[in-house]
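Have a look below at one chain only, the form predicted alone, in structure tokens format.
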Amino acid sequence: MPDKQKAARKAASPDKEEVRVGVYTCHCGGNISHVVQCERVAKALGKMPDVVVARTDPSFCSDAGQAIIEQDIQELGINRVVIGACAPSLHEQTFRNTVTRAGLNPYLYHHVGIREQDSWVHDGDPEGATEKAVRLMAAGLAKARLLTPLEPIRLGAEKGALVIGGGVAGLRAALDIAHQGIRVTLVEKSPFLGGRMAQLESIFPTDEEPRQLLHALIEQAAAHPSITILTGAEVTAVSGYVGNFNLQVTQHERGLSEELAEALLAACEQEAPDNFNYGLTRRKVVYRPYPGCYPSTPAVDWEHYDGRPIQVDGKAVVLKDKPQVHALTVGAIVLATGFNPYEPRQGEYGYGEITEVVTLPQLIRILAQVPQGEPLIWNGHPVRDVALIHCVGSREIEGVHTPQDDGQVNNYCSRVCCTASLHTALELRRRFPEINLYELYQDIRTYGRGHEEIYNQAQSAMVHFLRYRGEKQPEVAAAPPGDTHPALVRVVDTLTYGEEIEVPVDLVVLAVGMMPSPIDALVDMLKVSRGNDRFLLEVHPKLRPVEMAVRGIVLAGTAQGPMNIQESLSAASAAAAKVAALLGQGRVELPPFVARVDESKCDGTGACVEACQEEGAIALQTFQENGHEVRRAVVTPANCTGCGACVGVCPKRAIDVQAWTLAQYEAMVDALAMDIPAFAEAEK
């Protein structure tokens, strides 16, 4: 090993060697340097105690920028690194890897965010922004002097995963995880697999038959030796942490033996709304949602079964649900809980009041029941004119639209509705060429590959387009008795310069958006977060797009937000890759930023236990000390999130969060408040 590298290795033991700090101020491609005078910052910091080198660079996160830092560590014996750049959430891990490659402990580096905290908020005050950057960097330097080497928390990991949701995303994720040699338990609340995709008749942009593709996926999952499928099941209890989640899954009986299943299905007379057809039809409480479903054995709709016996071969059979409880231990959890179509409010665009108003998902099921070559009849009259209204339950405007039950409006775009509506319009044109079609829209957002062609085809197929503004929605009203059509749609059309147009129609179709599935109990059990749109929230949309803040829990498909089928599959494969990377080696590593107790100061008051919000993170334990029983707080690192609540309440200052200790905070505060003569000298 070269002498310079030996010196660097020796310098990396700060308890034996003097503190030697390298300070690096990044231009961030102009995001910082267009306001902050980075050279002055470097010059000022370079004159401070313990600073060996202070540099600037257009982009320290680039390969060339990282190489500068590595070289300084190896050649100058740097044993602390302070970097002023963009937000730590973007490149903290990048620079940890940089210092690690150079032979330095990754936690002997501190990141200062001088883009979001300085240049972006002080654009009109370069002088003030420059002084603030110096102070922020000086505070980082003060903390860096007190940094100590840390090691990640290493835990054994159960080589198994739980996938919650048996739709297309859950199936894809389960298969991809199983292909990596990790056992998978797939839990689906419904008695049947397939989710929303099973309710479609064709998928855009390929016009393929969705259930054929879905069943190919189901067959692979059902046949895979590493996948266990539990239908009619849901998670009812959760404990533990990444690598070692302990779960209780309650599974309802199908209610039928294989021998009597077909006979009971035939003999059953009690009916319930058919959810597969969105309540448009009724079905038996002993049912299959559609031919070819999986599992093929019929199931009992326990929610609607009234307990009356069913007569089979002269015998009265009473169906009983005897739920089974499964105890599972897994290393990771995939949430593929899907979505629900938006349910319009009573009277919204006439929904629930005018029988000619249906949703787009309902229309798809209506068309599925019309034989090819037969005319489209609705409510006893032929359908000659159809209006499809976009953005129902999406892109809502606060103060204009009625809020949801939680007081919020759905201000997000559901992404798939435009293409789905146009795709259905083309299907109507193909099957019923004489129908007049009207698309009422705010904006056409056909963003996916091949989707714009569907828009072009709709225009060529003489679909009429009427554009409205979000604050001025179309109005739907019942037509007067004796009118030629049962419903009237009025719209202020911006394509004709604000002309108010009235369209008589036989059917109004509401292109409803996506809403997150109602999984409040699961969210509470897992302690995961929702975004402003109420879908489950990833850590970072670019850097950690399928990961949740709770380590070991990842997202797949529309649980995360509106997606089409292709995007759901991609997200599911990404989630599977995260699980495979996490569990593939049989252990997991967690950041060491957890609470640590100084036993010499702790006197067991228990204030920390009361303040802690994380189950099992800290507890009081009894020890023998000099012949006496004493109580001490003990931290379980795997359960600790490093929130610091325990630090604030400890009367003896016996607890610190590693890498963010009280002494480090105090040093930073002192540095922020102190005079910095070096800054004034840097002007010269």
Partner chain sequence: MENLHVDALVLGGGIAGMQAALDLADQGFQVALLEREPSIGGKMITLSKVFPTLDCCSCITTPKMSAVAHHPNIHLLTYCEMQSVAETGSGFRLAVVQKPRYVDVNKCTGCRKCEYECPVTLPSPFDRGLGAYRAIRVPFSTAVPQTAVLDIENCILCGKCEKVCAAGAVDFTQRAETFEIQATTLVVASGFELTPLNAKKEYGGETLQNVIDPLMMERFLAPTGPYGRVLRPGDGKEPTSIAYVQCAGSRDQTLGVEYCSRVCCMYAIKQAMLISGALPMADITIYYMDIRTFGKGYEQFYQNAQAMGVEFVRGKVAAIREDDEQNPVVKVELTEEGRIIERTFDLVVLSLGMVPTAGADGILSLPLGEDKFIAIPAPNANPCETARPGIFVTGTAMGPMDIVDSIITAGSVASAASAYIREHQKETAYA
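Small disclaimer: the values here were computed from a predicted structure and weren't measured. Numbering follows the first chain given and starts at 1.
Missing here is the form predicted in complex with its partner chain; even so, the following discussion is about that form.
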{"query": "Answer option from 370, 611, 597, 580, heavy atom within 4.5 Å of its partner chain in the predicted complex", "finding": "580"}
{"query": "Selected contact from 252, 527, 288, 179, since only one has a non-hydrogen atom within 4.5 angstroms of its partner chain in the predicted complex", "finding": "179"}
{"query": "Check all three, 396, 441 and 566, heavy atom within 4.5 Å of its partner chain in the predicted complex", "finding": "yes"}
{"query": "Close approach of residue 543 to its partner chain in the predicted complex, 4.5 Å, heavy atom", "finding": "yes"}
{"query": "Touches its partner chain in the predicted complex: residue 538 (any heavy atom, 4.5 Å)", "finding": "yes"}
{"query": "Contact flag, residue 511 vs its partner chain in the predicted complex, heavy atom cut 4.5 Å", "finding": "no"}
{"query": "Residue 495: touches its partner chain in the predicted complex, heavy atom cutoff 4.5 angstroms", "finding": "yes"}
{"query": "Which of 361 to 369, 204 to 212, 134 to 142, 301 to 309 lines the interface with its partner chain in the predicted complex (heavy atom within 4.5 Å)", "finding": "204 to 212"}
{"query": "Stretch 420 to 454: residues contacting its partner chain in the predicted complex, 4.5 Å heavy atom cut-off", "finding": "441, 443, 444, 445, 446, 447, 448, 449, 452, 453"}
